[in-house]
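One protein chain, two forms: both are listed below as structure tokens, the first as structure 1 and the second as structure 2.
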Structure 1
Amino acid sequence: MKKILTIQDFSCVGKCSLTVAIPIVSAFGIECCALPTALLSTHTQFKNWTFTNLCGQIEPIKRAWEKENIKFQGIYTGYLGGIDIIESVKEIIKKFNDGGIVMVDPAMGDDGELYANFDMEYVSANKALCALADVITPNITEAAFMLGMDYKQEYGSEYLLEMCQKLRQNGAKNVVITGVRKGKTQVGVFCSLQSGEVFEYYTEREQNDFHGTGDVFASVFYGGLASGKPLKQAVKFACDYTKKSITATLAEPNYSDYGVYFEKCIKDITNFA
């Protein structure tokens, strides 16, 4: 059985990061090992939250894994929470990845702003981490911050192409920009692949915005890649799955907007994988 490692925070409530990645990657029939970088009471889109940096645990965990000769057939990183952690993550990728796909989701902002507690130093550290990846999945906010480009709400393919080109020059082999709007009604991804091909895929956009959709997309996309699906097929499935999870959320009375009801669609993954 394939075994991958995901490195992200553990938010006890509010579906994102590990509580999304573990069930989704597991649904692909892949063992999803997890290294929590921080422990939060909820994700940071709530009003009150606690944050405990678990960076101090990473070195002893690495040493113990080395003694056990543990390796992973792929590594997927998300929200990390601190610069010190990013340095350790780089080493983990070098030491513990056994030839698998490395995906970096530089989760650090949205809607033109960085999440709480992040600054330009954190952005630069994420940019350096992205350089090591086979595939990265920034949204437009994250790409703009990493590249020092203006954040635009209205844009065409030139803006997206410039982002992709610069992110690939920085080192990432494949770039998938997420949360891209097309016209007033569509949302999806704009991708620049290692082959030089540019590829876009969109679905109908719902009015409401939900937290954690980027994490659902990234986890499904990574699960698809790790199970050997071609990149374009994995991208399309992940977009459709994210859209379906949003629809499933809206169908529930009194739904909450802190995370999407991706659990309702898990069977689609087992059928696809």
Structure 2
Amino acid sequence: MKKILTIQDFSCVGKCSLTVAIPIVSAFGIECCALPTALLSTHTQFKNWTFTNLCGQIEPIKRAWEKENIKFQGIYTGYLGGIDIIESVKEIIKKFNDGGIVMVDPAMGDDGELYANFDMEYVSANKALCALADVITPNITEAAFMLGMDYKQEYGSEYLLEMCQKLRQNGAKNVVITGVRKGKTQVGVFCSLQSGEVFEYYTEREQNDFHGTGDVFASVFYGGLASGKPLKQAVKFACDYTKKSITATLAEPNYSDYGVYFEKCIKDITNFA
């Protein structure tokens, strides 16, 4: 069985990061190992939450893995939270990835703003990490910050293509810009591939926004890639799955706005894989 490593934070309650990545990637028939970068009582959409940085555990874990000669057939990173962690992740990719797909989701901002406690030094570190990736999945905010481009709420394909070209010049082989809005009713992705192909894919946008949908998309997308699906097929399935998960959530009479009910659609993954 193929074994991959995902590196991101763990929220004890709430659907995001590792609590999304582990079940979704596993549903593809892939062993999903995890390196948590932080431990949260809940994700940050709750009013009260605690945060514990686990960076101090990464070096001992790396040393233990080296002694056991552990290797992974792919690495997928999400929210990391600190420059020191990013530097450790770069070493992990070099030492422990056994020729598998490396995907970086440089989670650090949205809606034109960086997340709390992040600065341009952190942006630069994420940009350097993206240079090592086979695939990156930034949203428009994250791409704009990494490239020093103006963030735009209204944009066309020329703006998105310029982002993709510059991110590929930085080193990423394939670029998938997420959260792209087309008109008032559609949301999707804009992609520039190593082959030179450029394509877009959109689904109908729901009125409600949910925390963690980016993590659902990234996990399904990576699971598809790691299971051998072509990138274009994997990205379309990930968009459709995320949309279906939101629809399934809204169909529940007493749904929570703390995350989508992706579990209700998990059979779609096993059928796709």
Ligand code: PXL
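This structure is a prediction, so every number in the text was calculated from the model and none was measured. Here the rigid core means the biggest group of C-alpha atoms that line up within 1.5 Å when the two forms are laid on top of each other. Just so we're on the same page, residue numbers count up from 1 along structure 1's sequence.
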Point to revise | Which of the two shown is the form predicted in complex with the named molecule | key: 1
Point to revise | Core-aligned C-alpha movement of Arg63 between the two structures, 2 Å or more | key: no
Point to revise | between the two structures, C-alpha offset at Gln45 (rigid core aligned, Å) | key: 3.0
